[in-house]
Ligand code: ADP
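Read the single chain below, which is given as C-alpha cells and is the form predicted alone.
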Amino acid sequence: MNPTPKHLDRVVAAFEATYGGRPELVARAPGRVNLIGEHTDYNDGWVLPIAIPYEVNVAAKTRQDDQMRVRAVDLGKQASFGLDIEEPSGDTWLRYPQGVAVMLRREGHALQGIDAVYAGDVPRGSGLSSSAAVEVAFAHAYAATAGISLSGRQIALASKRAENEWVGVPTGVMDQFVSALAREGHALLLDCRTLEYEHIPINLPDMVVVVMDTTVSRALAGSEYGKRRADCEAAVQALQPHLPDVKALRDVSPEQLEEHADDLTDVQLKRARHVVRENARTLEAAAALRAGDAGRMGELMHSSHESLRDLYEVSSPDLNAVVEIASSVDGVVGARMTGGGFGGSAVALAQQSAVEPLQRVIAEQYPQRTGRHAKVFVCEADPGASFIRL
C-alpha cells in the first residue's frame, strides 16, 4: 500500500480552486540526503543516500487535448505548455515538469494532457534535492494519467535527463534514483557506473539523521565543481599508462594509487586519494549500517568530512563550523558536510536523546562563529516515490 501524500489536502484544495472539480490522483516524491559517498558519483563510484520525510506532491487530472497546465502553489506561479514543445521555457521553474514530459515522449511514451498543481516542503537551496523531487513526482503523475507503467529506474533516468538536457544542470544520477527507489528504514547503496542498487537496512535503533543547513548559497560550486572533475580525469589519464584497465578512479585501489603516487601532481593525488578512499568508506558504511555499528558509521562520516575538507578542498568555514559544533555534542556519533560543498548542508547521525541538545547548541554557537543562523531538519529514512488514485 502506497503511503498517503503528506500534502494531500493542500494540493487537492489548490487543484479544486484552480481548475474546478477533483483531481484523479496525487503523486509524491521525497527529497534526499547523502549519508556518505561524496564526489564519487561522476567518478563511477558508490553513494549511500536516504530519502527524507520532506516531499513534493502533484495533484493531476487528464485533459482531452495535449495541453499541460501547471500551477506551482509554493511559488505562486502558473503556466501551460503543449506536448509538442521544442524549446525550454524562459521560466526556470517550468522547465522541470516540461523536461520530464519531453524526455518521456522522446522515449516513446504517449502522454496525455493534464491539469496539475504541485506543492511541497523539501527545503529549496539546502542541497536536499527539491528539483529531483519535482521531476520524479511529475514523472509518476504523467505515467499514471496516461496509463503507462514505468519502473523506478525508468522514472529516475528520465528525470535525470530532464535536469541535464532540458534544465541544463549537470547533476549525477543519485538524486533521482533515491527519490524514485528509496525504501523506508533503508539507505540506498547505488553503483553510479552500473546503476545497480541495494537497499541497506539501517539497523540503528534510537538513531536519527539530522540535516544542518548552513544557509550559505553554493554560488562558488559551479566553477570549482568543474575543476574537481577535471582534476580527477587528469589523474586517471596519468595512471592509465601503468594501469591500462582504469577507466575512472572507481577502478583504482588505495594500494595502486599509493604505488603510482609519484606519477600524479600534488593536486591530482589529493583529489584521487579522496575519491579512492571515499569509495572504500562508502562500501564499509553500508556494512556498518547492516551490522548496526553506529560507532563505525560515525567514524567513517568524520573521515569523509576531513577528506572533503583537506584533500578535495570543497568544504567551507561555515560547513566546518557546523560539523565541529555537532561533533561536540554527546550522542552525536558522526557528522560531515554533504553535497557539492562550498555551502549547503551538513549531516549528522545522532541518538534521539541528543537531538534537542544538538539543536540548542547549534542555535547558540553557529551564529557566534559565522554570523548566520542554521536550519536544522530531523530525518528518518522514508519510502521513495508513489501515487494514489482518489
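Sequential numbering from 1, following the sequence displayed. All values derive from a computational prediction rather than experimental measurement.
The form predicted in complex with the ligand is left out here; the points below concern that form.
Would L300 sit within 4.5 Å of the ligand in the predicted bound form, counting heavy atoms only?
-> Result no; L300 lies far from the ligand in the predicted bound form.
R124: heavy atom within 4.5 Å of the ligand in the predicted bound form?
-> Contact with the ligand, yes.
Examine D213 and determine whether its closest non-hydrogen atom to the ligand in the predicted bound form is within 4.5 angstroms.
-> Output for D213 is no: heavy atoms all beyond 4.5 Å of the ligand.
Considering only heavy atoms, tell me if F177 and the ligand come within 4.5 Å of each other in the predicted bound form.
-> Output for F177 is no: heavy atoms all beyond 4.5 Å of the ligand.
Answer with one of Q268, S131, S307, T282: the residue that has a non-hydrogen atom within 4.5 Å of the ligand in the predicted bound form.
-> Spelling it out, the residue with a heavy atom inside the cut-off is S131.
Which residue among D115, D318, D231, E163 has a heavy atom within 4.5 angstroms of the ligand in the predicted bound form?
-> The residue in contact is E163.
Among 204-212, 184-192, 73-81, 223-231, the region lying within 4.5 Å of the ligand in the predicted bound form by heavy atom distance | Of the stretches listed, the one contacting the partner is 73-81.
Out of 96-116, which residues reach within 4.5 Å of the ligand in the predicted bound form, heavy atoms considered?
-> Residue within 4.5 Å: Y96 only.
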